[in-house]
Each structure stands twice: as structure tokens, then as C-alpha cells.
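Below, in C-alpha cells: the form predicted on its own, a single chain.
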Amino acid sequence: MSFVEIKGQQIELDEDGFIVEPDLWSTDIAEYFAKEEEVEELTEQHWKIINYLKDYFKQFGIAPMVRKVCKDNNVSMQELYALFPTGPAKGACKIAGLPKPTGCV
């Protein structure tokens, strides 16, 4: 385990760099991780996906499959990868403060 300091708050990360305690997530944390995941600025479209992922995780306890993310948000796979260049699992879920997905996201 490792830690990063974001705006004076110590955040514990797992071995893959995902936040250990999702309840500590904040927009400051999202912006920090966005830069690490090759997203220079979080746009309205990014936030739409991030909020969708957070809501889905809160309701079902897992991250949604990529196809579901695309369908429910009316974005193509290509658009999703353009928004999150490191991918929906590694990039989008990490930025949204979700645990590392165990399968396809």
C-alpha cells in the first residue's frame, strides 16, 4: 500500500494505484487521478461518465461493463476511450474512486 497527499489529505492506494477507501473520494481526488490517467481537464462529458460509474457502483456494488456504460450514456466505445485514454477500467473507474474492477468494465 502507498499514500498520496491531495490537498492536505492522505489517501491510501492499493498496489494498482486505486483508492482504498472510496468514501474519501472528492472532486479534488478525481482531478488528481485524471492527470495521472492522461486526462488534462475533466469536461462535462467526463463528469457524466464519472457520476454514472459512481451511481452504478453504489447501486450494484460493482462497476458496469463497458458496453453498458456506452449504451446508458449514448457514447461509442471510441468516444469512451477518447475521454479516458487509459481505458474505462483503469482510467474512468480510478478517477471515479471505485475499487479496481475484477473483470471487464
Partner chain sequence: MARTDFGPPDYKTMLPPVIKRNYGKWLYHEVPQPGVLRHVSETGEELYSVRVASARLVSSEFIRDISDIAEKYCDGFLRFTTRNNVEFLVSDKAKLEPLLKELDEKDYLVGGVGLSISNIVHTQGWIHCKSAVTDASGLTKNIMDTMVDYFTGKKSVPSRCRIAVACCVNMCGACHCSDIAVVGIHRTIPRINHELASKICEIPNTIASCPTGAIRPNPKLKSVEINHEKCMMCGNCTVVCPAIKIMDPENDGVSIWVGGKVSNARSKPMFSRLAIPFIPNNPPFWPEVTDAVKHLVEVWASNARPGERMGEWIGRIGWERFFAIADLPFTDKHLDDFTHANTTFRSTTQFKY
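The structure displayed is predicted, hence computed values, not measured ones. Positions refer to the first chain, counted from 1.
Separately, the form predicted together with its partner chain exists; it is not shown, and the next lines address it.
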| item | value |
| --- | --- |
| Heavy atom of residue 75 within 4.5 Å of its partner chain in the predicted complex | no |
| Residue 29: touches its partner chain in the predicted complex, heavy atom cutoff 4.5 angstroms | no |
| Heavy atom of residue 62 within 4.5 Å of its partner chain in the predicted complex | yes |
| Its partner chain in the predicted complex - contacting residues of 2 to 27, heavy atom within 4.5 Å | 20, 21, 22 |
